[in-house]
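The chain below stands alone, shown as structure tokens; this is the form predicted on its own.
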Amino acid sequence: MSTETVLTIEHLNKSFGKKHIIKDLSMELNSGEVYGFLGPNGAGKTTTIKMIVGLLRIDSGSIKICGKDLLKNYEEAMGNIGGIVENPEMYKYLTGRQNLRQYARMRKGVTQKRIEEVIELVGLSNWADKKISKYSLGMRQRLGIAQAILHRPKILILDEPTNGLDPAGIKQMRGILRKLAHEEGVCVMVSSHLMSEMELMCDRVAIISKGELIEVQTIENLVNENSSTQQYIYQVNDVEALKKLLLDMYKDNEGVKAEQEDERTLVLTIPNELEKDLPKINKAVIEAGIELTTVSHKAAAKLEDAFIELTSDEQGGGQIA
């Protein structure tokens, strides 16, 4: 499936009174990807999303949706967007299918066949004829997505779509969004504070801090580039002896840590530049008479680690939101 740029943001600025919230923000989103939009509390995520969907006025800069300028061609541009900002609104006394029919009346060209397609896509076939008042939060979120994609938008924008969902609901939501992107070619832009979920869901992520874009990367590159240390798990017969040996070897290097996990397991943390020392370390362990059962590389750093490393200096601790 070929990709195209469907959302272009250039030099976007927004202020509230004297407070400059969004500062010269520029980014491009492509079809067929799940694009994560991350930042600490107050970084400007929701403000940016509200400008993209036309709920807030742009002070300066431009937003183009499928080549259509949001200010100059508002209706044409907005025709390519579906979204949920905050909670989806529904008629609780109607069924899921009746809600979709009502919403379809506001969109040209939405057929009954399309309504049935989106019901199946979001996994609500067995609940479509039940009243919304009987729906769980997860079902309402899924119906909200069905509403948002009825008119086949090129871009789906979701602000905290997994809020309040249980683990099963979050997993279902992730599957739906990835299917929309990778099989239907929709550009899915997601803002969320659940780092572990964004890591599983997204193809690329953008990190915003104090209204400025500080990084756009694939998940893999972002994690690898911002991980300054490596960890190795040692299984030995004498953890205390190993810990003393390692800390003596690197007593002048504050980046080296040796932490006991249990009576036979120690986790060694070393800066990336010392990874070449691993054969020397293992040789010293054996020569010291410590029985070494296994050495294994611990799982790579997570998105949360990269996020905190990128934002902590600027945000005083990098509170995730």
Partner chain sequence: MLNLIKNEYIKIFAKTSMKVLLILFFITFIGFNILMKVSMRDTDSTDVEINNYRERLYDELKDDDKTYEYTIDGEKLWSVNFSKYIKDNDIDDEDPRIETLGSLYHLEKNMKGKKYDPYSGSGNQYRSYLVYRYILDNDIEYYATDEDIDGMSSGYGSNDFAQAFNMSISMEVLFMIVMVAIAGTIVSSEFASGTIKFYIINPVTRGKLIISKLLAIVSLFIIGSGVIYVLSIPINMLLHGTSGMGTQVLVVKGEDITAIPMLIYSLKSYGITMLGHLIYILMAFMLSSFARNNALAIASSIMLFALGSTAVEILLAFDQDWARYIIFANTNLTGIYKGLTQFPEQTLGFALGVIAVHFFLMILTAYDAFTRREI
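For clarity, a rigid core is taken as the largest C-alpha set superposing within 1.5 Å between two forms. The model shown is predicted, which means the values in this text are computed figures rather than measured ones. Positions refer to the first chain, counted from 1.
A second form of this protein, the form predicted together with its partner chain, is not displayed here; the remarks below concern that form.
Student: Flag Gln217 as yes or no: does it have a non-hydrogen atom within 4.5 angstroms of any non-hydrogen atom of its partner chain in the predicted complex?
Tutor: Heavy-atom contact with its partner chain at 4.5 Å: absent for Gln217.
Student: Find out whether any non-hydrogen atom of Gly79 is located within 4.5 angstroms of its partner chain in the predicted complex, and reply yes or no.
Tutor: Contact with its partner chain, yes.
Student: Report yes if any heavy atom of Val85 sits within 4.5 Å of a heavy atom of its partner chain in the predicted complex; otherwise report no.
Tutor: Val85: yes, in contact with its partner chain in the predicted complex.
Student: Is there a non-hydrogen atom of Gly42 within 4.5 angstroms of a non-hydrogen atom of its partner chain in the predicted complex?
Tutor: No.
Student: In the predicted complex, which of the stretches 245-253, 174-182, 115-123, 92-100 has residues with heavy atoms within 4.5 Å of its partner chain?
Tutor: Selected range: 92-100.
Student: Scan Lys68, Lys50, Lys257, Arg264 and let me know which has any heavy atom within 4.5 Å of its partner chain in the predicted complex.
Tutor: Going through each option in turn, the one that passes is Lys50.
Student: Among Leu56, Ile290, Val295, Met27, which has at least one heavy atom within 4.5 Å of its partner chain in the predicted complex?
Tutor: Of the listed residues, the single hit is Leu56.
Student: Output the sequence-ordered list of residues from 146-167 with at least one heavy atom within 4.5 Å of its partner chain in the predicted complex.
Tutor: Counting only heavy atoms within 4.5 Å of its partner chain in the predicted complex, the single contacting residue of 146-167 is Gln147.
Student: Look at Leu200 and decide if its Cα position differs by 2 Å or more between this form and the one not shown after superposing on the rigid core.
Tutor: No.
Student: Does the distance between the two CA positions of Glu89 reach 2 Å or more between this form and the one not shown, the core being superposed?
Tutor: Glu89: C-alpha displaced by 2 Å or more between this form and the one not shown.
Student: Superposed on the rigid core, does the Cα of Lys171 end up 2 angstroms or more away between this form and the one not shown?
Tutor: Result for Lys171: no, shift under 2 Å.
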